[in-house]
Ligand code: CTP
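Only one chain is included here, represented as structure tokens and corresponding to the form predicted alone.
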Amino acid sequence: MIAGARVVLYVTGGIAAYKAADLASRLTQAGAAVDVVLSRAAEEFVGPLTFEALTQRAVYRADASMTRGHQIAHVHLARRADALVVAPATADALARLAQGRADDLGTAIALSTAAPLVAAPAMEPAMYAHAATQANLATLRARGARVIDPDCGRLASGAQGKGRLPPTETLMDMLGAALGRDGPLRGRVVVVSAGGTREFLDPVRFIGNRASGRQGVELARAAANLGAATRLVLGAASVDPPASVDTTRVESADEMLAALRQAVDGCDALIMNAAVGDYRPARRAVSKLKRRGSAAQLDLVENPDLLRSLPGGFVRVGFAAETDDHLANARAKLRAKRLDALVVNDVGRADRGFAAAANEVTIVRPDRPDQTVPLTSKAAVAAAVLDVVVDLLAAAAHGPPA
């Protein structure tokens, strides 16, 4: 969603203004055209030249009234913007935005644009917690703004608390969802499961797998960027979930099933990407198992089939991790589990699937030719799978042919 977008980045005068340079750089690398507007106070922290070098575009100062093309600056930028991002958003900037003031170029753009507003507050913890700041944030949210909660931690003053500007990746996630608000999944609820499960032998050891959660996280991000209200049920994972989705963390297959039963309530589609263990120990020791100098026997019992255990008329897309006879096994699972689509991938190779950064899959559907997605990034695989979900939901909405 970010590639090709026109983003106005309004940088206001907090110490976190230096982090806005990284955001401008990342947005530009992602293919966005970034118009940076600096408040008067922001220039005390970061100068225009930094942003001009990173974006390869002119930077606008707070008192700018005309563009270099002799157009009224706030009108021109407001009309062309796909999103307005305020990062960092100081307490003063939030107050001026909530009051509808237009005393510099950034606030004038905010009053003139129909584009979504994404605000990332960053300030001292006491200022953020103050009733006036919270009231201003509530006002902005009520008008449709997307507010990114600040992180907790140490601030420049040495204070500890909630007020740090979140990482650039978090800002990118929220912006992607804002840009995709009117996408083909607008008004839809999509549930994604991701990551591996852990079945504990004792308080220390568990049976698990190599799943990183990366593919499922990219699926959730892609769904949010197409306008869906996205619920992610995430097991053991080495990657963080997108900031733009509602995430529930779990460990075991039973925990995942319980979380999914809640998540699929009222959903339109479920993408079951999690690598759920087929078995769990028959008994879990209450204390750490000790070495006894002889072979140990482990009794296992089957975990429930999560897809079959979830009632509901939503679209169902499964994932199959295979090491041999990929398509034959996939078609058998497609029929047995009555899925609308099944994504099969080879997890027997180190360069794809599971912990790898790339993936190669085949999407199998009952009524369509198999669709092969050649080796590519997991984000690209997620985009292909979500295209299928959009198609399935559209077909379901129109009903079967007469």
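Keep in mind that what you see is a predicted model, and the values were worked out from it rather than measured. All residue numbers refer to positions in the sequence shown, first residue = 1.
If you look for the form predicted in complex with the named molecule, you will not find it shown, but the lines that follow are about it.
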| item | value |
| --- | --- |
| Stretch from 331-339, 362-370, 40-48, 63-71 whose residues place a heavy atom within 4.5 Å of the named molecule in the model of the complex | 331-339 |
| Residue contact check: Ala83 to the named molecule in the model of the complex, 4.5 Å heavy atom | no |
| The named molecule contact at Asp278 in the model of the complex, heavy atom, 4.5 Å | yes |
| Proximity of Val217 to the named molecule in the model of the complex, heavy atoms at 4.5 Å | no |
| Contact flag, Ala274 vs the named molecule in the model of the complex, heavy atom cut 4.5 Å | yes |
| Interface residue in the model of the complex among Phe319, Phe206, Tyr128, Phe314, criterion: non-hydrogen atom within 4.5 angstroms of the named molecule | Phe319 |
| Listed residue that, although the named molecule is not shown, lies within 4.5 Å of it in the model of the complex (heavy atoms), from Pro304, Pro167, Pro184, Gly161 | Pro304 |
